[in-house]
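One chain is shown next in structure tokens, namely the form predicted on its own.
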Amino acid sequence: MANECAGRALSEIDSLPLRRALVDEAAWLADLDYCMTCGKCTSVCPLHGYSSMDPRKIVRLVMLGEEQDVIDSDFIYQCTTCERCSYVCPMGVKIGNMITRARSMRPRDQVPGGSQKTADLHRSVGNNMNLKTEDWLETVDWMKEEAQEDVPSLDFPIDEPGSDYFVTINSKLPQYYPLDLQCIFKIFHASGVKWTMPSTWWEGTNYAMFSGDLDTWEFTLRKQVERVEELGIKYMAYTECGHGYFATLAGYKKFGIKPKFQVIHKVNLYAKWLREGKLKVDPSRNPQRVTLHDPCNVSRKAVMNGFPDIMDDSRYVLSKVCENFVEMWPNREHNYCCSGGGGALISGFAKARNYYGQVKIDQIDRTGADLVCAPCVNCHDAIEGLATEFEKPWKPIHLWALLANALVFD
């Protein structure tokens, strides 16, 4: 970072690329001129103190015309874009949006870690893990056969036109956690709804938003919309992934995409089906002490952007499927990030994440929980990493695992 800011005319500062983009693009308007340098943003940032950068400093650098220092900094990729800073800003400065826009101005070959490579795979193959269609379908059939040992009547079609629900999946599941697919199969089967698994464009994440590759972000969204509409499906059931859900709804808004279907997070569906009596459960099957991590993208950031959140429904489901649920504090919109959000998990800055993660560890430790319910694959992996790194006894678990374990089939 430059030691001194050279004097610049206001007209020159206003014409700089990052400053111009933030002003011109209504969906990313940062209102930097309203910043009072009060420091509230920095006071709630768990990464503050780790490096020479902090939220207040990067706002001031952009305002003073030194935006290249921001674009070139490691901070914009160490930041998890949890937006606690934006949430408490009394003037409404959207710092998380500024971080994402700054990332978009980094040359693609200079994006640290694996977020851009992952985005490239999504664009070229249709998913983040380079899974060919035949490999994906083979995994689905394998997991279906195993699930049928518990529920013989379980079945579902692939690419079934006119279904009610198009079910997205995080590609980490077939690649690393195929048994989790059985949980999802059982829940949708028990609900009695008409649903289908797509053979292509089923990816339930979007790392292009993390890397700042706006073109790939839009391209992948439009390809998935095209597939859902080809099948004539009413709802896209979005998998337990905070950033994928947010990237989808925020991307529709940013790029002017108007799908002919509705996006619903799976957690909201779980709660809906429980309230309607479609799912029968026995909470005694989950006797452990369970706490809940609120993923930033489907909690605080969803509320800030006017999207449906999962905060109440997560708690409702846990109250029905667990015997011993305890809250961590702070929670809901005020919760702390898992330390892996915003692409930080694969950006390569492990020391920064562990520094940031101390806050999350303290939150979990105070609950005395055995299990940390993280209804987001990215959050699940980040929390698992913290437990391993700091040798903690608790472990993360997806909400679908708890619900599927409590299901009672007639």
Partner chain sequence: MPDFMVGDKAYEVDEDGFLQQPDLWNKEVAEAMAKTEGVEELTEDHWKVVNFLRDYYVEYQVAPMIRKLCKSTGFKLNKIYELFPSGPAKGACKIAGLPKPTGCV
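What you are looking at is a predicted structure, and each value in this text was computed from that prediction instead of being measured. Residue numbers count along the first chain shown, from 1.
Heads up, the form predicted in complex with the partner chain isn't pictured, but that's what we're talking about next.
Visitor: I'd like to know whether residue 165 contacts the partner chain in the model of the complex, with contact meaning heavy atoms within 4.5 angstroms.
Guide: Heavy-atom contact with the partner chain at 4.5 Å: absent for residue 165.
Visitor: Heavy atom to heavy atom, is residue 179 within 4.5 Å of the partner chain in the model of the complex?
Guide: Taking the distances in the model of the complex, the answer for residue 179 is yes, it comes within 4.5 Å of the partner chain.
Visitor: Residue 346 versus the partner chain, in the model of the complex: is there a non-hydrogen atom within 4.5 Å?
Guide: Yes - in the model of the complex, heavy atoms of residue 346 and the partner chain come within 4.5 Å of each other.
Visitor: So in the model of the complex, does residue 93 come within 4.5 Å of the partner chain, heavy atom to heavy atom?
Guide: No, residue 93 stays farther than 4.5 Å from the partner chain in the model of the complex.
Visitor: So which of 318, 221, 99, 143 reaches within 4.5 angstroms of the partner chain in the model of the complex, heavy atom to heavy atom?
Guide: That would be 143.
Visitor: Pick from 263, 88, 129, 257: which residue has any heavy atom within 4.5 angstroms of the partner chain in the model of the complex?
Guide: Checked against the cut-off, the match is 129.
Visitor: Determine which one of 246-254, 203-211, 303-311, 228-236 lies within 4.5 Å of the partner chain in the model of the complex, judging by heavy atom distances; exactly one does.
Guide: Only one stretch passes the 4.5 Å heavy-atom test: 203-211.
Visitor: Taking only heavy atoms into account, state which residues of 116-140 are within 4.5 Å of the partner chain in the model of the complex, ordered by sequence.
Guide: 117, 118, 121, 128, 129, 130, 131, 135, 136, 138, 139, in sequence order.
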